[in-house]
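Next up: just one chain, as structure tokens, the form predicted alone.
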């Protein structure tokens, strides 16, 4: 068998590992093995590339890069909290886009006959992904305001940058004379600069409520950039893996948009969260009924069916373990306990599922939106732990609300709603939750973990 045939077979095996790995990532019980399988596929692809017939590599530089990357990766893996996973994913997306841009740039600068259009597509998408992802990271981490940052003429400027970039990629001769390369060196660098600006311009007007969609979309961009680079350097593994990432990112983006009942165009250009409202969505102040954990425990003691609704407040407080303890204690008392998971709960798709799986919460009691909503009508207590926009009834009737039309968890239909929040600050959409003033709603203020620990003690003493 020819060496090139062996290499192609290895690429095929790695592609199969990628596909099976992604399939297994769709369920918490098989996610760990899916991750390992995908990692094995990437290892096989790397070995196949480094042993590609007729190619010469400087292995000292490669090993140096691997060592540096491994150290940085190890530090991130051991120090980053689960609540910071969205930020870490944003960084990974950005670095993936940058890596594709660097490879394409190297190919263009060292190979005279590189196809200019493909080079610029890879560099453009990769550079846009890089700056866009780091703006998303800054918003999630708090370095940049999580609100939508807008100014007059913003969308027009973005449109001009995008159109100018397309013109430079397709017809560089209209702007610059040919250089020593087959393409146009000046046009190449201008495309990079415009892409970096466009990544910032497209991301800063997107508010925190839409970050799950942005992360999915940027993930797709990084995959598309990788696939374009794969075509440029004729690397089958890069084409396959990039296409898988690009396609899965687009599918997930579509799922997130449906979960918010928003179009992708509205997410990108809608600037949801640009203004903050101190009251409810209709401008009226809400009357809050504040209860103690002792009173909340008595309500839970009288309940038969309880639905726990985890939100970002639970994630920030790292309260998933004590939430499971509360649920198990209630179940030992003969009560039925379920978990309601909204598609965009937390700050990235699947965030709540991962947190609860980490706490060994059975996947069988995790119910998605369509499955759990009918359960609220005969629910005695809905226990909301740090959720906001995804339980706001204004989404059903207030056409002036930025979340109008978004499918929500119908917690207000429960007999009693116990809401835990640290403060009355609004959610990512920037609007107050009218649920807080409903007659069947009570508030228990405090850090989710501290509140649940106190609640657990009170329940056990009943």
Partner chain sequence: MQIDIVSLITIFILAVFVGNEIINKVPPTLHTPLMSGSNAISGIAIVGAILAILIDNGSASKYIGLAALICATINVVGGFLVTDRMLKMFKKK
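In this text, rigid core is short for the largest set of C-alphas that superpose within 1.5 Å between two forms. Residue numbers count along the first chain shown, from 1. These numbers come from a predicted model, not from an experiment.
What follows is about the form predicted in complex with its partner chain, which we do not show.
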{"property": "is_contact(residue 437, its partner chain) in the predicted complex, heavy atom dist at most 4.5 Å", "result": "no"}
{"property": "is_contact(residue 79, its partner chain) in the predicted complex, heavy atom dist at most 4.5 Å", "result": "yes"}
{"property": "Residue 32: touches its partner chain in the predicted complex, heavy atom cutoff 4.5 angstroms", "result": "yes"}
{"property": "4.5 Å heavy atom contact, residue 110 to its partner chain in the predicted complex", "result": "yes"}
{"property": "Heavy atom within 4.5 Å of its partner chain in the predicted complex - the one residue of 197, 233, 322, 204 that qualifies", "result": "233"}
{"property": "Selected contact from 148, 162, 168, 118, since only one has a non-hydrogen atom within 4.5 angstroms of its partner chain in the predicted complex", "result": "118"}
{"property": "Per-stretch contact check against its partner chain in the predicted complex, the hit in 291-299, 135-143, 361-369, 382-390 (non-hydrogen atom, 4.5 angstroms)", "result": "361-369"}
{"property": "Within 5-27, the residues that have a heavy atom no more than 4.5 Å from its partner chain in the predicted complex", "result": "8, 11, 18, 19, 22, 23, 25, 26, 27"}
{"property": "Per-residue C-alpha change between the shown form and the other one, residue 60, threshold 2 Å, rigid core fit", "result": "no"}
{"property": "Per-residue C-alpha change between the shown form and the other one, residue 320, threshold 2 Å, rigid core fit", "result": "yes"}
